[in-house]
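We begin with a single chain expressed as structure tokens, specifically the form predicted on its own.
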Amino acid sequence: MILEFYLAASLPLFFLLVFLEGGQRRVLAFLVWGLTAGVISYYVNYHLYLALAASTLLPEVTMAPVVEEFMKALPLFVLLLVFGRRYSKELLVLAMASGFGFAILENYVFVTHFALEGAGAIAYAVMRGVTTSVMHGCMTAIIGFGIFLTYGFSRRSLPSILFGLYTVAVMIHALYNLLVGHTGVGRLLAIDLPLLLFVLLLVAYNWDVLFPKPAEAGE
């Protein structure tokens, strides 16, 4: 049913794209890509899991973060490496939209898989919405904002920068998946981590507003 849900969720958004312009269109386009990345990642992870079923590796720690972070951030890599287009800190918002689109698709998979009902289903959906979903948005946003901060660097160093940002996202994602499966302090840290990252990214995005530079004498 995952493909059916993807089509039902994404096709109306394509019609909405026709009416939008500029930044609104870009944000929605990245959100749709996040949904698309969710479908692709689902099938890639599934086949990797089957291929490595006899392995002792934890797929949610060793495979899923690598596949998912690459797919979510793929439009960012294309924008920079192929088109070389310069964006402002809007890249953080676009990247986060991709992560949230991915989370929407993944949430559907998990909610339907566990088939919860009543208050338990609502509590589970809310918990995923404020933890795992925010984590997915923040991981891609780290890559987007990192690209914005380092854009002035030599173009020759761009592949290394992108790989470094991607690695950071994968490592934090893997750490989250590892901790969330535990109980006690580990699980508590996993729940708090996405919200902490979200607040830090929000502060970074609004840094100039929160901490304006003092006017120089004579202005």
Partner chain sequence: MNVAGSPRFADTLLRGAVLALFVVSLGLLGAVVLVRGTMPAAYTDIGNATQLVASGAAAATAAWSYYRRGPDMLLVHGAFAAGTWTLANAFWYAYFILIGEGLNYPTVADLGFAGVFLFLIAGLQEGLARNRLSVLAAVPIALPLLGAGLGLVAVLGANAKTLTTLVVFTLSAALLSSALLRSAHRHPVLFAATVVFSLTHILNSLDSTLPDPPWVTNAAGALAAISFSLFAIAYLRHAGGEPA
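Predicted model, so just to flag it, every value in this text is computed and none were measured. Numbering follows the first chain given and starts at 1.
Keep in mind that the form predicted together with the partner chain is missing from the display, and what follows is about it.
**Q** Taking any heavy atom pair closer than or equal to 4.5 Å as contact, tell me whether Tyr42 reaches the partner chain in the predicted bound form.
**A** No - in the predicted bound form, heavy atoms of Tyr42 and the partner chain never come within 4.5 Å of each other.
**Q** If we define contact as a non-hydrogen atom of the residue within 4.5 angstroms of the partner, is Leu189 a contact of the partner chain in the predicted bound form?
**A** No, Leu189 is distant from the partner.
**Q** Does any part of Phe153 reach within 4.5 Å of the partner chain in the predicted bound form? Heavy atoms only, please.
**A** Although the partner chain is absent here, Phe153 would touch it in the predicted bound form, with heavy atoms inside 4.5 Å.
**Q** At the 4.5 Å heavy atom threshold, is Tyr166 in contact with the partner chain in the predicted bound form?
**A** Output for Tyr166 is yes: heavy atoms within 4.5 Å of the partner chain.
**Q** Report yes if all three of Val93, Asn107 and Val109 come within 4.5 Å of the partner chain in the predicted bound form by some heavy atom, otherwise no.
**A** No residue of the spot touches the partner chain in the predicted bound form.
**Q** In the predicted bound form, which residues of 170-200 put a heavy atom within 4.5 Å of the partner chain?
**A** Counting only heavy atoms within 4.5 Å of the partner chain in the predicted bound form, the contacting residues of 170-200 are Val170, Met171, Ile172, Ala174, Leu175, Leu178, Leu179, His182.
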